[in-house]
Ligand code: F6R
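Below, in structure tokens: the form predicted alone, a single chain.
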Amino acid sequence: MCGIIGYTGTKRDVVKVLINGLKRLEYRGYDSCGSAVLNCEGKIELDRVKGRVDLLVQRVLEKNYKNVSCGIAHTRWATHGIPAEENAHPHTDCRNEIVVVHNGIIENYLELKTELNKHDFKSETDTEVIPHLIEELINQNLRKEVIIKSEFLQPVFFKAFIDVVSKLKGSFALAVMWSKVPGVILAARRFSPLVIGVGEEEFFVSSDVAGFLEYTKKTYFVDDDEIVFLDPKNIAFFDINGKKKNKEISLISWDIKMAEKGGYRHFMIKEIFEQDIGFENTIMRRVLPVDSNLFERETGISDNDLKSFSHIHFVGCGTAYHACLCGKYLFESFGIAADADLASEFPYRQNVLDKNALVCVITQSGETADTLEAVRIAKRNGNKIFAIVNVVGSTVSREANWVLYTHCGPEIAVASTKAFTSQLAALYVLLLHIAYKRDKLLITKAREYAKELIEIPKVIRKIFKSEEYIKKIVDDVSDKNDFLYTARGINYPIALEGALKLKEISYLHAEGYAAGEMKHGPIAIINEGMPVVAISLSTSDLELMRSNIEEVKARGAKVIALCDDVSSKYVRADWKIIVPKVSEWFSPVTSVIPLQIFAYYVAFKKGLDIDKPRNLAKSVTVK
């Protein structure tokens, strides 16, 4: 769960490229960071710090490196070894000639370490076995040669790297340099993201296109067990056996400005206010005309595939899991059997997984380790995979049978907002086509559904106007430490999501409950003045929600009711956040956005680091 950036070329300041890349990748991890560059004397210059990129910048700038030919850098989220300078990447061999940056977990590192008992290890990390293994294999190969010629060193390095990659078990993305072969970077991946940026006589390697997007939009997505060779003028791809491969280049459509704050204080609030665009991009050209074959052209899934599965099984993690729960309610409301599982719990269901079920995985990054494992379990079982993903070219998108991209652009803040509503948009698109193809929705109703769906971005823009009122509510409850969120039916997952957002960025205790369950235990913790957030829109269960609100008010709770302009007339609350009325199916979109804004301003009032909450990272690429 880390960020990698590397550069080889002659037209740019290598150190500047690395630092800029690290700043853009810091959302992937930020407990320590480091860089390694090859100077004009052929020596590795290594800088590492505990803490964030700004600390590294100070150290590197003081050294004023000149005539650097290539470099690699890394920002870390700890898995093996505590956050500390000695555990920060890059890691080196005994002679400080080979440097490695790594994202992922090497599962067999202890076993490999026992083979290297003559080597000097300086860290607690699993990564450090890699440079020592490369060093060991290089030494073995060089001892076989009577005369060491410079042109022989490059293939020796390449062979040692491939052999080491073959030995590794687990997930990894790697970038490696050796001081004896200036300008060369070798890279590889397995289950962790890695992309290559292509310029004119320059190449970039990164965990994410954001690392180099300001320089180039030309990109190669590295596949599992693929080896990459880079120098300032050449790029080549190989399989794990060293056989050369051909690859197609991709052109990224994102603008670098999309990855910047654009005048907002934080990425999170910027991304909250991008949800109308993200939602619109996700449904655009995908819903009308309903009876065309546009959905098949977009995803590749045929009418027969849409009709033939026994039921649909949604799988995701965190916020994406809450989207899965919404999917379950949506599909079942149309008579289509559905389940929702946390990806981390999915392996325990594999023995009863129906082979005829369609497994729909939802993930922003397309690299989440638990979600990838769920995909592979389902595929081994014979299930077909439909993926809802934001990142084009990600691992999940490549391993799924069919993909529906959300197109909400890069999401930088750790707490997911626009990705969630775009996932809901994708679920509406999927539901529309499945329900119509399975005769659960007449064409006239399907068109009505599609037309309302197209209007939702306008509704979202109206919801943004509630920001100032929400800030006033925050001022009134900012001294509280415990919050309850409650709802029924399709908005129950939004109660969970609202509570999660508050926990993630404000570090306050918040719980989400199905309103009908309050009297079965949770109501016991309500005391005088405790805030209860009640989602009470004009849905089929409004009367029940009114009763639940009265129950908590009778016990001293202060109720923040999320209403629409109809339900607000029937609900008694201390504060009412009013949103436009929409069909019950679309109410999760209108209810979640005010809760995101509320969580943001609670954290903002507390003066917290909203985009980078403690102990969390954006893309969870380890299990």
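For clarity, every value in this text was computed on a predicted model and none was experimentally measured. Sequential numbering from 1, following the sequence displayed.
In what follows, reference is made to the form predicted in complex with fructose -6-phosphate (F6R), a form of this protein that is not presented.
With the partner omitted from this view, the residue of 512, 318, 131, 410 that lies near fructose -6-phosphate (F6R) in the predicted bound form is 318 [heavy atom within 4.5 Å]. Checked against fructose -6-phosphate (F6R) in the predicted bound form, the residues 176, 432, 500, 400 give one hit for a heavy atom within 4.5 Å, which is 500. Stretch-level contact check against fructose -6-phosphate (F6R) in the predicted bound form with heavy atoms at 4.5 Å: of 301-309, 357-365, 202-210, 227-235, the positive one is 357-365.
Using a 4.5 angstroms limit between non-hydrogen atoms, residue 414 touches fructose -6-phosphate (F6R) in the predicted bound form. Interface membership of residue 504, defined by any non-hydrogen atom within 4.5 Å of fructose -6-phosphate (F6R) in the predicted bound form, is confirmed.
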